[in-house]
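In C-alpha cells, the next block holds one chain alone, the form predicted alone.
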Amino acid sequence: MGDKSVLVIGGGGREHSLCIELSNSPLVAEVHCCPGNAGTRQIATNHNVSVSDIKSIVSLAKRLDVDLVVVGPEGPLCQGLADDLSKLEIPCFGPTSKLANLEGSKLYAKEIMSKVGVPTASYHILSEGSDIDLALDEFSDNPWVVKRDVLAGGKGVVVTSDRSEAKDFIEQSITSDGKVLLEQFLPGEEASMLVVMDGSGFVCLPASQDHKRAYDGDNGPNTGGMGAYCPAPVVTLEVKDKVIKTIIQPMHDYLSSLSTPYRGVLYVGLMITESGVPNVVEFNVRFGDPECQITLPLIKSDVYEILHSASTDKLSSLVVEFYAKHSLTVVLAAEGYPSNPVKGRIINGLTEEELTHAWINHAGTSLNDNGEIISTGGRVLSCSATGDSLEEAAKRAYQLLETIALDGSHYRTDIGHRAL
C-alpha cells in the first residue's frame, strides 16, 4: 500500500469516478473529497466544503497535507484555485485561472485557436451598437449558433433555426454580458477527446461520444449529458491523426511555451465533417461528465501517477497504456430533469457489492437523517460498464440500471445508438 494522499474537488459523477480510480491506485493511501456525495463517502473521506469556497479548499489541502489536488469542475479553476495551491507548492491537476479561460471565455478560446491555427467555426463578436441583422444574414444558410462569453453552467449556448429566438438571445446576452459570439454552424458528427497535458507532453485518452438530449432518438431539451460511450467509432485512426496534427499538437506547443504551462486535462469538443475533417466546437478545462466515467476505466496505467505527473511536468516520462475494451454509461435522471428536478426521494436497489465489469457512479446523491441514500440533483447517478464489445458494455449497464428504483426517474434506452 502506498502513502500518497489526494483531495478531489467536486461532488458529481465525474468526481466519484475520479475517487474510484484514485482509490484503486496502489500508490494511494487516502482519498479525500469536498463536498463529495453518497458514493464518494464509501471510498473517500468527504469534507463539507463548497467548491466555490477557494480559501477553505486551500486551507483543507494544507491541513490534510495532501500530495495532489484534483479539480473536477471548472468554477474553482476559473476562480484561481490552481494559482493559490501553486503558491503553497501543492501539486494541482488543473490549469491556472488565466488558462481556465479556455472554458470560461469563448472569445479567449477563439483568439487562442486563431493564434495557433486550430480549425474552428468563423464567428462575429456582437455588442451594443452591432448590426445584429447583418450578422444573422451572413450565417443564414444553417441554424444559428449563439454563445455567451461567460461560464453559464451548460446553459450559455443556443442553436436554433428560429431567427427571432437567435436575435432575442443575442440581445439578452449583450444586456447581461456586454458581448456575445455568433458562430457559423458546423455540420457533422460530434465527439470528445480528453487530453491530459503538462509542460512536457500530452496523452490522448480514447475518444468518446455523449448524448445531450433528454429523450430517446436525440429528442427533447438539452441536458448536461444523459449517457456516453467510448471509444467513438467516428474518430477513426485517420481522424485521430488529424486531430493530433491540426488541434492538439498546435495547442500543446503554445500552452507548454508559457511561463506557467497548462497542467491538467483539456477537453476537446469536436465536430467531424462527413469527409473526416475535425473542427473544434469548444474547449473545456476539466474531465467531461459523463465522459470521465467511461474514459478513466479504460486506462490500464496508474491514474494517480498520470495525474500527479501532469501536475509536476513529468508526463513525458510515462508510457500510458489502455485496455482494448469498450465502455458505456447511462444516466438516471430525477423526475422533472432538466427543467425542474424533484429532489429528496429515496433511491432503492443500490448495493455496495462489487459487480463484474459494471458499477454505479453517484452524482446527485446524499444521505438523509435515517442513513438512506436520496436524490439531491437532476442527474442522480449513472450505471457504467465495460465489455469486449459495445453491445456487451451496453447490456451490462442496462442490466444494472434495471435493479435501481427512484420514483419518477427517467433514462434513455438508446445510449450508444449511433455506434450500435
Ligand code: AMP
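Keep in mind the model is a prediction, meaning the values are calculated, not measured. Numbering starts at 1 and follows the sequence shown.
Below, we refer to the form predicted together with this ligand, which is not included among the displayed structures.
- Comment: this ligand is not present in this chain, but in the model of the complex one of 172, 316, 184, 127 has a heavy atom within 4.5 Å of it, namely 184.
- The partner is absent here, but in the model of the complex a heavy atom of 157, alone among 90, 157, 248, 135, sits within 4.5 Å of this ligand.
- Shown alone here, residue 190 lies within 4.5 Å of this ligand in the model of the complex, counting heavy atoms only.
- The shortest heavy atom separation between residue 271 and this ligand in the model of the complex is within 4.5 Å.
- Under a 4.5 angstroms non-hydrogen atom cutoff, this ligand in the model of the complex lacks residue 112 among its neighbouring residues.
- This ligand in the model of the complex comes within 4.5 Å of a heavy atom belonging to residue 212.
- Only one of 253-261, 79-87, 277-285, 325-333 places residue heavy atoms within 4.5 angstroms of this ligand in the model of the complex, namely 277-285.
- In the model of the complex, this ligand lies within 4.5 angstroms of a heavy atom of only one residue of 112-133, namely 121.
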